[in-house]
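A single chain comes next, written as structure tokens; it is the form predicted on its own.
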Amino acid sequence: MTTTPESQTGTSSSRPSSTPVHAFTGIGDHNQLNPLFARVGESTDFPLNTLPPGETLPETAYQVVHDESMLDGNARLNLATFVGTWMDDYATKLYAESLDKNMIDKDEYPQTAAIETRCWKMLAGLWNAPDPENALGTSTIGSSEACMLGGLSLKRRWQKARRAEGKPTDKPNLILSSAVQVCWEKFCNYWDVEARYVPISLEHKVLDGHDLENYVDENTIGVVGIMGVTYTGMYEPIAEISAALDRIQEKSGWDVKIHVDGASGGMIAPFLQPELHWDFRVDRVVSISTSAHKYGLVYPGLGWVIWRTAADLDPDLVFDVTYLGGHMPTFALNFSRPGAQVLLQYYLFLRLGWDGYYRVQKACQDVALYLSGEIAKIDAFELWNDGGDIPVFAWQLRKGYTDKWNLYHLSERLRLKGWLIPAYPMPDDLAGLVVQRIVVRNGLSRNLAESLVLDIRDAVEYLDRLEAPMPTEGLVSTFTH
């Protein structure tokens, strides 16, 4: 037998002695041999921050990327994110078939454009628009873009009214809860709008219209009401906010409108709380946004925004553009973007219908109520809310319970079991209060929830047995929007 590199390293070879050693030594020949996990790029390394000098086999590149992505953890056990992490096999098949569709190119993909219109008209009806056929809507890249479009329309509406009265338009402001999602901070920053935050408190856990008259003035472009606060999952009472604005208008004449940020609750309330008046049944609500990739049950990223009537969207925000040979109206911050998720939304609307969405959302809420009920039984904890609005709830460490550990330590302990459950401080006036939050999504079954309860109890028992306090250096908030 000819001595080979493999035998020199302790690996026997059955290669015939007539086979030249050099036939197995070149990079290209290694790729031709193609042994699993011994190919160049797997047995060696790719440069991290520079483009590799040459090509590699597709299966090698796939394996490297696949293996690195495993370090992200199991998305199904990520109870920090609101974003969907599961769709069925038919959705996955449809996704793969439509990955190449560009949503903005309505001339080349007219049927996808027609399906987009069907979807937002279905949502307009779901949200009780007075006349869904005369509402106006669009798909977006998540609800953040949808919120920005809603905010822009509020600003333009206010500017035009002020100019018509010969008044200045240089100091617009927007009223928000201190627990608002970060996209609204971005909106105010990017479009030069003063953000006026109404702080939440133990007495007023959400923006509920209390003291609103201290924040609204003639320069207020609108109020944002949240259906499912990111920090805790609680609804803000849109009808109560509207009633407070009615009282303000009676005294001042200021007609302030509402945009409802229904990123999560927009796809929960119509099914689980249909009697709740939060949508276009409230006259001051002129626009509503939602995340299709949250409780719309679609993979990221897709959002929707709808205006009560076409007149409620400033026509100056709508552009007629020529693109790839066709004319089309567009009102969006993004241009080229995937059309596949729009088709996935339509698939789910057909697949589930009202009854199917009800059963999926009810199952999530049932699991949330089970989990919050079990966590409330643990002496260490005190619930902030129970998941009875959207299937999201938060809890805090009971005051005086222990000086050995905190919720950040519990979050780290649960991560050892694969669970990603964030711990983070509440906003502004409650910044000294740390809570943990669980988001129950489609795919977190009752069986998995029972396993989670056992893991939480085990983690608490372990931490309670500590004889000295856990170190606090390096602890960071794991808050995820």
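Remember, it's a predicted structure, so these values are computed and weren't measured experimentally. All residue numbers refer to positions in the sequence shown, first residue = 1.
The form predicted together with a small molecule exists for this protein as well; it is not shown, and the discussion that follows is about that form.
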Of these, 70-78, 360-368, 309-317, 259-267, which stretch puts a heavy atom within 4.5 angstroms of the small molecule in the predicted bound form? 259-267
Is every one of Phe82, Cys183 and Ser291 in contact with the small molecule in the predicted bound form, taking contact as a heavy atom within 4.5 Å? yes
Answer key, the small molecule contact in the predicted bound form at 4.5 Å (heavy atoms) among Gly296, Gly142, Pro338, Pro172: the residue is Gly142
Which one, Gln345, Thr138, Thr230, Ser153, lies within 4.5 Å of the small molecule in the predicted bound form by heavy atoms? Thr230
Does at least one non-hydrogen atom of Ile226 fall within 4.5 angstroms of the small molecule in the predicted bound form? yes
